[in-house]
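Okay, so here's just one chain, in structure tokens, the form predicted on its own.
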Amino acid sequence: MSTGNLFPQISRCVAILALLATGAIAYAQDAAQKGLAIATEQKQRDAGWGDSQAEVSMILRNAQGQESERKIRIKSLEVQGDGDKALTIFDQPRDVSGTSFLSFSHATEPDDQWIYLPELKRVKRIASRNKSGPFMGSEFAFEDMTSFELEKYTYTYLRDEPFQGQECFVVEQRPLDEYSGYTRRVAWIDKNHYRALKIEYYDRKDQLLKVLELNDYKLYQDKFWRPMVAEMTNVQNGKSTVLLTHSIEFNTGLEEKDFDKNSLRRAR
């Protein structure tokens, strides 16, 4: 083969590779844009609920299937222009009664979290580096107890896939917080109502750590969907935690003053 015939073939190969590279970049951009659009729609559909109070059971299950139950109350306040606030109060059993946890979610800054331990009679701040630790011995981490904020993640649409008989978008969410315990989350979002039905959590080694399934959704005020059952399963240690919501009320009159650090001590 003469060099005169060789150069046109090389040029064609280079052109084909350039087209493939351009297509890959465009696909990546499209996947990111679609992932963000899905997350934005999910967030917008749940805007405007104001405040809520819920009665919840937390069921801890070890790898052998043995269970223990805690009774908790969760008060939440929607904050315009920032993340939401939540106060979790433990009522039963006696060894955790009076324990309370306060969380201020933020869109772009690290979340603020405090816990009041009655046996120590003091409020302890949860450091950013420790938010990947277990929340009250459960399979939920402290960082799982915050509201979903768009700015906390980058997004990539992966595929369409059914889950529990419902058509879903599957979206990868990568946390921007350097202290997150996760490299990424993969969420199944149903196409009809944009509710999270399943979320996979991958640890710092990018190994599957936990799977959260959200079931028995109920509609409130003709707009706001809430799961009555949320089960977090740790696939690495075999333990799981179930949150069972018995009741939830909206627009109960909660205000900012109900969510300051002093509220931890007086929570009843």
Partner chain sequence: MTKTVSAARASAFLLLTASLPCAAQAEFAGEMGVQQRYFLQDALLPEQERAQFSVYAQPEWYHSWNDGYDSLLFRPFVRYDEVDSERTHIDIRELIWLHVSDNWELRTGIGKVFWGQTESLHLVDVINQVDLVETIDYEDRLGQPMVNFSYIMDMGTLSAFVLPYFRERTFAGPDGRLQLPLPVDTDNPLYESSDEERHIDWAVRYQATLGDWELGLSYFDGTSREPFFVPAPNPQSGEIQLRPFYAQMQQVGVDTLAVAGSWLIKFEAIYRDVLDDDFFAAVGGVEYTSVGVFDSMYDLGLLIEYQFDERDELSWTGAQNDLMIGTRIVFNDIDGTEVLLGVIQDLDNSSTRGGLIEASSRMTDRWKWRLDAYFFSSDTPTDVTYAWRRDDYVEFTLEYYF
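A quick note: this is a predicted structure, and the numbers were derived from the prediction, not measured. By rigid core we mean the largest C-alpha set that fits within 1.5 Å across both forms. Residue numbers count along the first chain shown, from 1.
Keep in mind that the form predicted together with its partner chain is not shown, yet the notes after this line are about it.
K.L.:
If the cut-off is 4.5 angstroms on heavy atoms, which of these, D112, D84, D144, E172, is the one near its partner chain in the predicted bound form?
P.N.:
Looking at D112, D84, D144, E172 one by one, just D112 meets the 4.5 Å heavy-atom criterion.
K.L.:
Counting any non-hydrogen atom inside 4.5 Å, which residue from S68, Q33, T40, S57 sits next to its partner chain in the predicted bound form?
P.N.:
Selected residue: S68.
K.L.:
Is its partner chain close enough to R125, G137 and N262 in the predicted bound form that each of the three has a heavy atom within 4.5 Å of it?
P.N.:
Spot residues vs its partner chain: full contact, yes.
K.L.:
Is D160 near its partner chain? Define near as a heavy atom within 4.5 Å, in the predicted bound form.
P.N.:
Outside the cut-off, so no.
K.L.:
Please run the contact check for R226 against its partner chain in the predicted bound form: heavy atoms, 4.5 angstroms, yes or no?
P.N.:
Taking the distances in the predicted bound form, the answer for R226 is no, it never comes within 4.5 Å of its partner chain.
K.L.:
Is K257 part of the interface with its partner chain in the predicted bound form - any heavy atom within 4.5 Å?
P.N.:
Close contact exists here: in the predicted bound form, K257 approaches its partner chain to within 4.5 Å, heavy atoms only.
K.L.:
Determine whether any heavy atom of S132 comes within 4.5 Å of a heavy atom of its partner chain in the predicted bound form, and answer yes or no.
P.N.:
S132: yes, in contact with its partner chain in the predicted bound form.
K.L.:
Using a 4.5 Å heavy atom cut-off, which of 76-84, 191-199, 146-154, 92-100 contacts its partner chain in the predicted bound form?
P.N.:
Partner-contacting stretch among the options: 92-100.
K.L.:
Given a superposition on the rigid core, I'd like a yes or no on whether S128 shifts its C-alpha by 2 Å or more between the shown form and the other one.
P.N.:
Comparing forms between the shown form and the other one, the S128 CA shifts at least 2 Å.
K.L.:
Please say whether the CA atoms of I126 and D206 come closer or move farther apart in the predicted bound form, knowing the change relative to this form is 3 Å or more.
P.N.:
Residues separate in the predicted bound form, at least 3 Å farther apart.
K.L.:
Against the shown form, C-alpha atoms of F140 and E119 in the predicted bound form: closer or farther, for a change of 3 Å or more?
P.N.:
Farther apart in the predicted bound form, by 3 Å or more.
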